[in-house]
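Next up: just one chain, as structure tokens, the form predicted on its own.
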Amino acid sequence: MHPAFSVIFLTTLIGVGQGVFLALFTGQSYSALELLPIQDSMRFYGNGAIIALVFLIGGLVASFFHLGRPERAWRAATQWRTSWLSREVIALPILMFFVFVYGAMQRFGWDQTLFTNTAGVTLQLSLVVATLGMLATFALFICTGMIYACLKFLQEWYTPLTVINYTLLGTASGFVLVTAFASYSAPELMRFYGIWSTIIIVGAFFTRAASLFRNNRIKAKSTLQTALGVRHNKIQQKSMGFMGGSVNTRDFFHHASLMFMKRMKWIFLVLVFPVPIILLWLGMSNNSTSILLAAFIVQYLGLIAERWFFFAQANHPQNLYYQTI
């Protein structure tokens, strides 16, 4: 498939926003159970929610560049009964609403303690809102991943690993960013987020490697014979069937060389997984916000390459017919 950069930025940006919010929810949950020190609501959770919201809005803006008629974007939500894309269009603003409410409660001191038990465990209203946001976050991950995982004719995408990888990679990028943010605004939480970031990155590496291993061994169900409806054993295509290019030759194939594809694969494997882990632990050892921020930047650049490779690797069956260009 031909990777559209608007979709690449959409999926990576909202993935960061979702990961940041999950990190905030995780930190507050641990604090509520007295497993972590309680943080300043406005400085850490409030500003963290703003960061998450900025990335979610950035992804939403990026999505408009993929629309032929942006003024009709609202129609994308009308087919929610059958379309995962429509469900994503609905899930994204719902998540943004919960992140906004959560951030406002933390920033303006609107949070309230609902109850405290004898062990000292507290339940705050903001944590209830965060729980709803957490559910919306995972719903959005599922919707985004299923847009591609539900397509049976694109065998590289038609696997549960697609949804799992979207979830883990997005969560990892958000946790890495919050590690850098915590080193500045809540240093006592830096190692907590750094350790969790490492665990999630390692998990994402194994699931992404599993998808690469699987895709390299796919046996195509479509052949020249099935594509054309001709059973003859020897078929040769001499031309693409018309004088100029078309949507078939532009949008369903990346037109990159095999060498370029191999380079992109190794680029994202290095930038998304080992380099961020090295920078994370180097930054935590030196208590350096700049090194931790570099870990996020490097990983995000790697995620752009990963998402490009994800789209380009999918081989649409129609390319059997339009292989001669």
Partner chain sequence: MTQLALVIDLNVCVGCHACVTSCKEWNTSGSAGFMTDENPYGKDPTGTFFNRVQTYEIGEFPNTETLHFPKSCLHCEDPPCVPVCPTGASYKRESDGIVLVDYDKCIGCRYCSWACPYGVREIDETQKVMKKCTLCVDRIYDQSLPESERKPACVLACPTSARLFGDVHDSESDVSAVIREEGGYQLMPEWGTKPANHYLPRRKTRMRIHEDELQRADNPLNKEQRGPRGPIDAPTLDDSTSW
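Numbering follows the first chain given and starts at 1. This one's a predicted model, so the numbers in the text were calculated from it and none came from an experiment.
Unshown form predicted together with the partner chain; subsequent notes refer to it.
Chemist: Which pick from 214, 221, 255, 191 sits with a heavy atom within 4.5 Å of the partner chain in the model of the complex?
Modeler: Partner contact (heavy atom, 4.5 Å) among the options: 221.
Chemist: Consider the chain as shown here, without its partner, and state which of 226, 116, 131, 112 has a heavy atom within 4.5 Å of the partner chain in the model of the complex.
Modeler: Filtering the options by heavy-atom distance leaves 226.
Chemist: Is residue 311 a contact residue for the partner chain in the model of the complex, using a 4.5 Å heavy atom cut-off?
Modeler: Yes.
Chemist: Give a yes/no on whether residue 148 approaches the partner chain to within 4.5 Å in the model of the complex, heavy atoms considered.
Modeler: Flag for residue 148 set to yes.
Chemist: Residue-level question: is residue 321 within 4.5 Å of the partner chain in the model of the complex, judged on heavy atoms?
Modeler: Yes, residue 321 is a contact residue.
Chemist: Decide whether residue 263 counts as a contact residue for the partner chain in the model of the complex under a heavy atom distance cut-off of 4.5 Å.
Modeler: Looking in the model of the complex, residue contacts with the partner chain do not include residue 263, since no heavy atom lies within 4.5 Å.
Chemist: Of 178 to 186, 94 to 102, 198 to 206, 77 to 85, which is the one stretch near the partner chain in the model of the complex, taking non-hydrogen atoms within 4.5 angstroms as near?
Modeler: Only one stretch qualifies here: 77 to 85.
Chemist: What are the residues of 50 to 80, in order along the chain, with a heavy atom within 4.5 Å of the partner chain in the model of the complex?
Modeler: Those in contact are 66, 67, 68, 69, 72, 73, 75, 76, 77, 78, 79.
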